[in-house]
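As structure tokens, one chain now follows by itself in the form predicted on its own.
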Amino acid sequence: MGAWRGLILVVAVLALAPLGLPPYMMTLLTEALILGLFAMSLDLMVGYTRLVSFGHAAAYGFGAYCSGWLLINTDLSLPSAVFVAAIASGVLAIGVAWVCTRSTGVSFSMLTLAFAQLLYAITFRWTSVTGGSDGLAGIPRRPGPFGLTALTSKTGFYFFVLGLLVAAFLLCRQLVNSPFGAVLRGIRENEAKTLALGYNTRAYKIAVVALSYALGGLAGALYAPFAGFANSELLFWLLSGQVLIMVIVGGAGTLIGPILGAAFFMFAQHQLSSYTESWAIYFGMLFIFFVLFVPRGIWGSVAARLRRPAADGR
């Protein structure tokens, strides 16, 4: 019950944010929520199945391009374009996972990177669809179904993003607490034993990669109309590294931790970049600090401290 009360409180605070925050901060908060969804999608692979992906930007960039193209070239409403892009990302992931899961460990990670770089290269060559190096610009926020125009405003779009993030979190939480999630944790801890128990571990890995890519594609599909453009940088390996950092800093295997890690990463980047152009050096030092002294991440450490008094009380 305590966890549910905490979740309701956080959602209530976020829902009231438009009443007290200036437009600039609301823009940052919306972007943080989108990145939080992106980081949480990767946590399903990294934190619960120990499938470390170096190419998760493929899901984000593909979702952004798909959503952007649909909004520019069709009459689909914003929610329809976003959901179609998410589903397309999940379908794409089935083929990617079928190949990548034939390997394990570093080989798996490098194959995910290879697929992401392949999509990155395609964006430059397929100019009639992707716009080449210029990308897709002028992506509109179309009204929702039944002529609803709320999504065209910054506040309306913010609530749309918040609602999808909460829904995705509840879905993932239910998933990891289900028998399916128990098998994922079994793969993480001892895949050979899980296989010996009769589970088709490769099928489970393909399924979790597909779900992870679908949620990552959903985040990218939201970013395209949020920013108004989609370019090849959304598929670059640097973004894959950044989202992996968000998961580690926030706390892998916690779902909520990567959301906090994404918010921390984005706000730290904005603050540091306002003081120095060498902000990446200082953020790298912060990352080293977390790896050495806060290995459980932000949420993992907080959760451990909250459990300790209860254990002492017993």
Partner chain sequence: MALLECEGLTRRFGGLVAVSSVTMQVATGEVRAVIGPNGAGKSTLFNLINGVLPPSAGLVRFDGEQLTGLTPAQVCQRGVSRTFQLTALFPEMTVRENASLAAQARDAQRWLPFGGGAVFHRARAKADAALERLGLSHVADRPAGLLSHGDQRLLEVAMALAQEPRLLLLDEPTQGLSVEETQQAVETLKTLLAGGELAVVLVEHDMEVVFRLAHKITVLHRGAVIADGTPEEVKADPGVQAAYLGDFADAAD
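Residue numbers count along the first chain shown, from 1. Owing to the predicted nature of the structure, the values given are computational and were not obtained by experimental measurement.
A second form of this protein, the form predicted together with its partner chain, is not displayed here; the remarks below concern that form.
With a 4.5 Å cutoff on heavy atoms, R185 counts as touching its partner chain in the model of the complex.
Remark: R202 does not count among the residues lining its partner chain in the model of the complex, judged by a heavy atom distance of 4.5 Å or less. Its partner chain in the model of the complex comes within 4.5 Å of no heavy atom belonging to L238. The closest non-hydrogen atom of N190 lies within 4.5 Å of its partner chain in the model of the complex. Annotated contacts: N177, F180 and A196 all touch its partner chain in the model of the complex [non-hydrogen atom within 4.5 angstroms].
The stretch from 89 to 97, 76 to 84, 168 to 176, 215 to 223 that comes within 4.5 Å of its partner chain in the model of the complex, counting heavy atoms only, is 168 to 176.
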